[in-house]
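In structure tokens, one chain follows: the form predicted on its own.
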């Protein structure tokens, strides 16, 4: 029997009010066990706040302005009620629920009796994502209006949260892996391995439901299905990296570019961004370079694309992002913003996964299969002095710093661990999310140019403000930012708007201070935006736990009144 969407909404409501992880996992596991096979993947995706499977390259492309207009139209509620509800909850889904509870909408009996199912919601999302071209906005609106017109207040709450991609139940992907393991009685390590390879726990859950452990054991890499990226932690300096890696490590230049994953099968090449989005059309010369140089029939490679000037020197990241957004008139922009590819890893070669091999062996195999494509510059050393000299060489060449890699480390997709360590010579910038903005003054009076910056709480999913800045963006960037923020605006008061947290920016600062001004108890000093991170999602932004860690580290060599003890 198809599962009512209301059951999923009620589950999410319970999760939102829970804090202990074991009961949360048990609750979700029991729910997954009760589902029909066809409902498993959509349910897992929706619980995690995804409208479509993670591997799906399509997006809904529904703005908050459009969604809010539909809600106003079908409920007939004074929008001031929404603003009041949002002020109370800080959550658009909860505010939508309150509006539906006060709705003047009179449903006809036949419609009221109809039950929305998980599968019907998924079909609606797929139809929205597939709608394009002339009249597409109106078609999308009709689909959403139909779904919301049938929804109860609690269903409306979670429909809205899924559509805008802001679930905030505190139930993250790692907990979902545990729930899948428990629901279908498959060892957690098997679930985690399959999730790493497939890059989508929803798909893993569906296989576990139908085929169990045996099915998951058969999961392997598939060309043109992007794999989660291995991530690096921060190290304060090269000495710390060497100590962590047993006294000897490989150091590579950390380029100021965009990380890409390249899949090749015969003459077919596809390039995926850090967000696992297909960007092949935007980088045709990179695809052609791979075709000419990589002779292997099948391969999955990792590398960095950087924008360069006429002499081959790296230029700022924002220029590169213009390339990633462009799908038309590529030849013209390729002349003004040329790009270079540097490779640094190989995950798959001619039918064989290489991720279990040690780093040094993968690097050798990469060199043997990259043709004339350069690899990121590397040294292997046990000398702090030599590594520091290499770091200076990297920064003098316009790069960000170094990546230290443990010589015998496997490639672990989707995991941020100490096998790889980032080293930068300056205070590490933070990737933060804009949650509100204010209009400026003087010549900036018509622009949203003062931005409230927030870090994500890894435990609750809440975005906590850590500072405010009006510095860093050009006039052109501020104009474009104003347009985007207005589309995401949820509430406006005086000269300030509150927005759905979608836009990620890289922020430099002088230090992190103790501050009673913000809920988190910390504030960035002299914050300034250094670039817009269009390659990152809000879920990839830095966490408040990371901000607190940096705060504590500032005082390792001087007196400190503990942030935690001073509250």
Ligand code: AMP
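In this text, all values refer to a predicted model and were calculated from it rather than measured experimentally. Positions refer to the first chain, counted from 1.
A second form of this protein, the form predicted in complex with adenosine monophosphate, is not displayed here; the remarks below concern that form.
Stretch 255-263 is the contacting one of 162-170, 175-183, 255-263, 477-485, since its residues have non-hydrogen atoms within 4.5 Å of adenosine monophosphate in the predicted complex.
Interface membership of residue 222, defined by any non-hydrogen atom within 4.5 Å of adenosine monophosphate in the predicted complex, is ruled out. Taking non-hydrogen atoms only, residue 407 never approaches adenosine monophosphate to within 4.5 angstroms in the predicted complex. Not displayed here, adenosine monophosphate is kept clear of residue 463 by more than 4.5 Å at the level of heavy atoms in the predicted complex. Adenosine monophosphate is not shown here, and in the predicted complex it never comes within 4.5 Å of any heavy atom of residue 292. Checking 270, 422, 122, 193 for any heavy atom within 4.5 Å of adenosine monophosphate in the predicted complex turns up a single hit: 422. The partner is absent here, but in the predicted complex a heavy atom of 376, alone among 152, 395, 376, 94, sits within 4.5 Å of adenosine monophosphate. Interface residues of 390-419, taken as those with a heavy atom within 4.5 Å of adenosine monophosphate in the predicted complex (partner not displayed): 403, 405, 416, in sequence order.
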